[in-house]
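Below are two forms of the same protein chain, given as structure tokens: structure 1, then structure 2.
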Structure 1
Amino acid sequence: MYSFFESVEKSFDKAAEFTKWDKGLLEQIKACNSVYSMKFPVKMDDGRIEVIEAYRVQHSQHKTPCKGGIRFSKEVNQDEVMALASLMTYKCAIVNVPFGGAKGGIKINPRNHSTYELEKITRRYTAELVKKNFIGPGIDVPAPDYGTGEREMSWIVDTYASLKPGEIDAAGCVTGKPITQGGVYGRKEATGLGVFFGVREVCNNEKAMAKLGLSKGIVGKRVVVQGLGNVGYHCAKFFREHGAIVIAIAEFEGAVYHEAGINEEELFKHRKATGSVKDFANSTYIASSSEALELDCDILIPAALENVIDGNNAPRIKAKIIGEAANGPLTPEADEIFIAKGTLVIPDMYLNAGGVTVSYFEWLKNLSHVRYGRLEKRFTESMNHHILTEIEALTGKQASIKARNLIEHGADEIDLVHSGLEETMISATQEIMDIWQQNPSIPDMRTAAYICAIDKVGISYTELGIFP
């Protein structure tokens, strides 16, 4: 049984065999450069002093700053943070986000603490990072992860800015902030939308679809989604809006199925009102949630948690494509079974990179101190208006109101963020598919993704000239 970090190393080694890099350089790419393990005291509401265990791991500085979320969980340990930091390096490399990988963790159960205690823990953790020069817009930029969100990111940026008076780029010390604190529009749906763009691009690959016996394109594909949280909800929404049929959605208390499609928004409202997906109109309820994963479908999107498909249930999975929206939903045993069955697994390492991609856009916004679209929106609208008016005069025909609105519209921040995300996911998918399809001995898309990451990090190290 391998630890999480060891299993990441194993996948790396498997892919490294297909690359040309020197053994020593591969060792450097794999290694975690800096591991900061800390303990600090925090006085709780009842006057007790609790010693908090926390970590920040910077896996790679081949590009700076480093980037990765902060997790609040009782399960946090050094091995897990190291593994997640390494995955961040590879993820960023694949989607051409110019950061090294990092990850942070605080070993607490946030549900066991009051808001005031959480604020004190977060602020003290930030102060510890500042003391050791482990945070900053050009050093290391955290983000939300399990158990953290906009609120914690606000505390971090405020603590950092107050300890670094006059630092003009202080807002870029963390991403996932609320809009009012320098956040960016489009962050919330970023991961789900990125998953959709990635899967759609795979479905547009004629060779891959022919191999699976599926038609090209996303329209009409039957999809099962596990998890109606942030990622699962947005995946289901974008698949449905673009013509796929989400035939089932699974939550932990059960799943609902309807061949003509489930509307995720209505299901979300129903679950909020009743506390369960059960009794959702026009649908069949499946009491054993994991059975939904085994439904006959074209695309399965596990978007809940890790290790949900293992050596036991993998043989019964009928989907031809599995899009890993969650982190680590498949065990290595499941991977081997899918390679043998010919199921196409689109790996988490790049497929759920939408969050970090949009975080990159947020960081750029913070460094430029200007909202996306502010300079050009009105100019574009006025130019488009002139062009359209001229065309109408020359042709003697009038555009419909709908067409006029579409043509004249200048890009808002949300338009630009979505467009940047689409470009990122399409390019990354094409790069990985090219690597995979050009070498028949590469067993799966996960290995191809690792090869893509290793090559990019390898090139960066070489260009840095640190190996004369």
Structure 2
Amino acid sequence: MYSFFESVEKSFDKAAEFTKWDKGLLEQIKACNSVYSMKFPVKMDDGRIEVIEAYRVQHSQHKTPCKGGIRFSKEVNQDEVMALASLMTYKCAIVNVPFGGAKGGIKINPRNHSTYELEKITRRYTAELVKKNFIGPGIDVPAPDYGTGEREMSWIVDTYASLKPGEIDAAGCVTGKPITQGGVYGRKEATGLGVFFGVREVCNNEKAMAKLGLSKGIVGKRVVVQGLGNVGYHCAKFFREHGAIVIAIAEFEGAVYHEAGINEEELFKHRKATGSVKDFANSTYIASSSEALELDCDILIPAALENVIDGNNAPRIKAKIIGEAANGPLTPEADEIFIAKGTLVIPDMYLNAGGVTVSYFEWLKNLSHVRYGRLEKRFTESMNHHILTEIEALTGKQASIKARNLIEHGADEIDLVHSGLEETMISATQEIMDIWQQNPSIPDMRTAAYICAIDKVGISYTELGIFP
């Protein structure tokens, strides 16, 4: 059984054999450059002092700043944070976001702490990062991850700004902030939407679909989603809205199945009201959520935690396509089984890059101090109005209200963010698929993705002159 970081290294080594780079450079690319392990005391609401264990890992500084989320979980450990930081480096390289990889974690269960306690822990963690120069808009830019969100990011930016008075770009020290604190529209759904764009592009690849015996496109494909958190919810939403059939959704307390399709919004409301997915209308309840992974479907989306599919249950997985929305949901043993079975695994290291892509847009917005669309939206609408008016005058025909609204609409921030994310995911998918399909000896899409990442990071190192 491999640790999470060893699993990442194993995948890296498999891909490295297909690259041209010197062994020493490959070792440098693979290594975590900086690991900051810390412990600090925080006084709880009942007066007792609790020593908090936390980490921040900067995997690579081939490009700066480093970028990666902060998770709050009792399962946080150094190995996990190192693995996630490594994946961030490769992820950013693949989608051409100019960051090095990083990751952070605080070893707590946020459900066991009050809001005030969580705020004190977050602010103290931020202060520790500032002390060691492990945070800053040009150094290392955290973001939300498992167990964190906009609230925690607003505490981080406020703490950073108070410790760095007068720093004009302080808002760029962290992303995933509330809109009022410099956040960007579209960040919340970014990861789920990015997963959808990536899977859709793979499904539009005729050669790949023919090999799996599936029709081209996303419409009509049966989808199983594991996880009803932010990522899983939005994955289910976008697949359903674009014509796929979400036949099952699993959570830790069980899963619900309905062949005709499940509406994720209705299920979310039911779970919020009852505390469980059980007894959801017009559906079959599956007591063991892991059994939902083994349902007969076209696409499986594990959007929860790592290592949920391993050497034990992989032989029973019936999906022809697995889209890794979570970080590391498959073990190396599972990978080998799926290669033998001919199952197409779309790897996490780029598929869930929607979050970091939109975080990049937010960071740029913070550095430019202007929201997207502010300068051109009204001009575009005015210009489109004049063009449409001229066309109507020349043709003697009037556009319908619906057509007029569509044509005259100038792009809002969310339109530009979604468009930028779609272009990013389409380009990355095509690049990886080309590498994979042009070399028959490459065993799977994950290896092709690592090859793509290694080549880009290797080029960065050589251009820096570190390895002439």
Ligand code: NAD
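Definition used throughout: the rigid core is the maximal C-alpha set that superposes within 1.5 Å between two forms. Keep in mind that what you see is a predicted model, and the values were worked out from it rather than measured. For numbering, take structure 1's sequence and count from 1.
- Here the form predicted alone appears as structure 2, and structure 1 shows the other form of the same chain.
- Superposed on the core, the two forms differ at V42: its CA moves 2 Å or more between the two structures.
- With the core held fixed, the Cα of L26 is displaced between the two structures by less than 2 Å.
- Once both forms are fitted on their core, the CA shift for K320 between the two structures remains under 2 Å.
- Shown is the Cα shift of R111 between the two structures after rigid core superposition, which amounts to 2.6 Å.
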